[in-house]
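Form predicted alone, single chain, as structure tokens, below.
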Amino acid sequence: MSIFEKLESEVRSYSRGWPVVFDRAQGSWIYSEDGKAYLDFFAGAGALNYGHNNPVLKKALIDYISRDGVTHGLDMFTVAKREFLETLNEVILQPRDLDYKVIFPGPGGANAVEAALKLARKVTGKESVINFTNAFHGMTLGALSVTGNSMKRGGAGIPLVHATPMPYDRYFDGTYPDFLYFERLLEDSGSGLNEPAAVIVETVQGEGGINAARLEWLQGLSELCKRHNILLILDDVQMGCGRTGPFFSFEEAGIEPDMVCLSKSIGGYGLPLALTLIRPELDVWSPGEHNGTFRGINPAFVTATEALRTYWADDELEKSTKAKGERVGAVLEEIAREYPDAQLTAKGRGLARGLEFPNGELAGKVCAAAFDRGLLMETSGPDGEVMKLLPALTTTDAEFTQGLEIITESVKAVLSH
């Protein structure tokens, strides 16, 4: 591993928690070069909802590459893009009665967020954006300005402006009515709050600590935005594509955001792809006003199309994800009950789950103990205090049994000392 330490920047992070060299992967398993198998409850930080090297998606990709299908096409019309847009419309948007146009902003989630922020400001003529405590929206400057984590914000090197944080759901543990502070500032001409162009929110804060907003809180936020003529941007980069059960994480709340940011698992196979969905009347761009070299990587269109056809033509995956999520949640709650003195809290929705510890040291030790036992997990939250689970949605019941046993053993090993 010396070449990594010699040449790769100190900014590398995941490799520090998992100090092995990985070589191949299939389904919910990833293998080190010496052949050791690791059960993956990380799934590329949510980019691999359908598992590693999913065979159905792999076949579509190989067939496309083998026939010399276009790989790089900027924003040109291609057969692969047409098939993706047709499938997205027929399988996802129309059945949900959603009317969105599609921006291809660049290859990553931060690109989708940057496009949404930029467009919201262009449409409204206003600069300010409201974000929430413990939010995470990406590492580029615009996305970072609406991110909460002070360590990540500190890396910007310049003031991060034109964004105002508000309390996320249960930030005050129910001691104040929802949106009391936000509404008061909006309505008080002496508050000093700049009139916002948009609000950006995650339904479940993944990096922020698996904080799942109540459906009624999301509904209240949507209504507040409508009342005050503020655009609502829903960042579904990590929680979309079925992570919480439905394709979009906001579906159960019955809301319709003005813009939706998608990336990570929208490509299906782990290939880079990002979308910003916008209400048609917001499409006020001039041609080329927002562009980039990698605005639609055609092999990702191919795997994305195949993923939508395979997993979203019916509700089987949604039902399965909810059932598996309930099982994982029940085990985490059982662990929390087993160690009352440790003050553990089970969190999450669907297959975005977490176990909160009193501090980051304990959560980190549990993840390290799990790694030693052959399971990949990461920590999240402002101090890394949450043990975070993002397994592939295609993980089998037997694999969940194995993974949950490792988690139970790892918590016991750390807390029994």
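From a predicted model like this one, the values you see are computed outputs, not experimental measurements. So that there is no doubt, residue numbering starts at 1 and follows the sequence shown.
Separately, the form predicted in complex with another copy of the chain exists; it is not shown, and the next lines address it.
Put simply, Asp75 is close to another copy of the chain in the predicted complex: some heavy atom of it is within 4.5 Å. When another copy of the chain is considered in the predicted complex, Leu362 lies well away from it, no heavy atom lying within 4.5 Å.
Among heavy atoms of Asn194, some come within 4.5 Å of another copy of the chain in the predicted complex.
Mapping the unseen interface onto this chain, Ser249 falls outside it, with no heavy atom inside 4.5 Å of another copy of the chain in the predicted complex. Contact with another copy of the chain in the predicted complex, defined as a heavy atom within 4.5 Å, is made by all three of Tyr100, Thr133 and Pro165. This chain lacks the partner; the member of Glu326, Glu223, Asp188, Glu338 within 4.5 angstroms of another copy of the chain in the predicted complex by a non-hydrogen atom is Asp188. A heavy atom within 4.5 Å of another copy of the chain in the predicted complex is found for one listed residue only; from Ile297, Ala253, Leu232, Ile210, this is Ile297.
Heavy atoms within 4.5 Å of another copy of the chain in the predicted complex are found in one stretch of 362 to 370, 24 to 32, 347 to 355, 386 to 394, which is 24 to 32. Residues Gly44, Ala45, Ala47, Leu48, His52, Asn53, Lys58 are the ones in 43 to 58 with at least one heavy atom within 4.5 Å of another copy of the chain in the predicted complex, listed in sequence order.
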